[in-house]
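Next comes just one chain, in structure tokens: the form predicted alone.
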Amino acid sequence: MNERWESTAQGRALVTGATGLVGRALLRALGGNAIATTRRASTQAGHLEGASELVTWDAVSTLPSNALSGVDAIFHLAGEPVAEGRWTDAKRQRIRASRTGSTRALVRSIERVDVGARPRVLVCASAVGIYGSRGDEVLGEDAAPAEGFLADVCREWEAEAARAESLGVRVVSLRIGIVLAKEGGALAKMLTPFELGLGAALGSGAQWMPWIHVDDVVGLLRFAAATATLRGPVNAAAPETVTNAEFTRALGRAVHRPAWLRAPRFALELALGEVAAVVLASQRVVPKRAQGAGFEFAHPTLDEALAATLEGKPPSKRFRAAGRFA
């Protein structure tokens, strides 16, 4: 049975990136007694279920002096979305600063806390982007990082988090794959074309596509905080590895629509620019350390995970109105 960190039993949690998809899900799972950081506390106060306290933080400065009082675990999830919009110079700067810069500021904040009162563990988000595109290579946590913009950002991100180890804080960097959630994220963007019967494999479709249900991301975050033997990188991807073509067919089955089209590489590169390299990357990521430590996935297979994600989620309103989904 998975050991899970409990805020009420083990002290308080601090959650950064609390307004994001995973941050909101984590706050709900923690069930209260969690501190959430937000850039606009006044406007978000009524929308963060599970947060007992809100702290305004610009992710650049150190946290307010009282923000880490009584905090046992930090879940650092802040980060500029990578796959939204083209990578202009300004976008690249935001991607890097929101990860490496915010983590550096967070570790500086921990350093200011008296040694005996520091948090016990920092679980920091990272991403499978650290592996680059590796074809059919099986990627456990011992696989070497790639080179390139995203891999460099992830490597720097993890290095900044690891600095907290010298302060007596155990650090886990969770390398997260594509998160499946009914509330939003990548799956929400895919659903409309798939509901229309226009679901398409990307490029050749042969590239490996690391995915994970949001419940398992939350479960891994809490498991990592509670498991003293875990430290360093941990892959957050489901144990069933699938190619993009297999994912496409599975999502088509889940919405009861054919999914036989292909989006050519050149069209994706024309539409997305450098972001196309992200969606076309082949990453056969396996969760060796999580499973080795005893973590049990709630949604280990794709068909079941998609069914659980889409359960009770109605088709898009315009398609219902048009009588497409009786």
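Numbers for residues come from their place in the sequence shown, where the first is 1. Because the structure is predicted, anything quoted here is derived from the model rather than measured.
The same protein also has a form predicted in complex with a small molecule, omitted here; what follows describes it.
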Only one of Ala263, Ala59, Ala281, Ile35 gets a heavy atom within 4.5 Å of the small molecule in the model of the complex. Which one? Ala59
Which residue, Val169, Ala201, Val107, Ile178, has a heavy atom that falls within 4.5 Å of the small molecule in the model of the complex? Ile178
Thinking of the small molecule in the model of the complex, which stretch from 169-177, 115-123, 134-142, 189-197 has heavy atoms inside 4.5 Å of it? 169-177
Looking at the small molecule in the model of the complex, do all three of Phe75, Pro233 and Lys288 come within 4.5 Å of it through at least one heavy atom? no
Looking at the partner-bound form in the model of the complex, is Gly219 within 4.5 Å of the small molecule by any heavy atom? no
My question is simply whether Glu80 lines the interface with the small molecule in the model of the complex - judged by any non-hydrogen atom within 4.5 Å. yes
Give a yes or no for Leu21: in the model of the complex, does one of its heavy atoms lie within 4.5 Å of a heavy atom belonging to the small molecule? yes
Contact with the small molecule in the model of the complex for Ala127, defined as at least one heavy atom pair within 4.5 Å: yes or no? yes
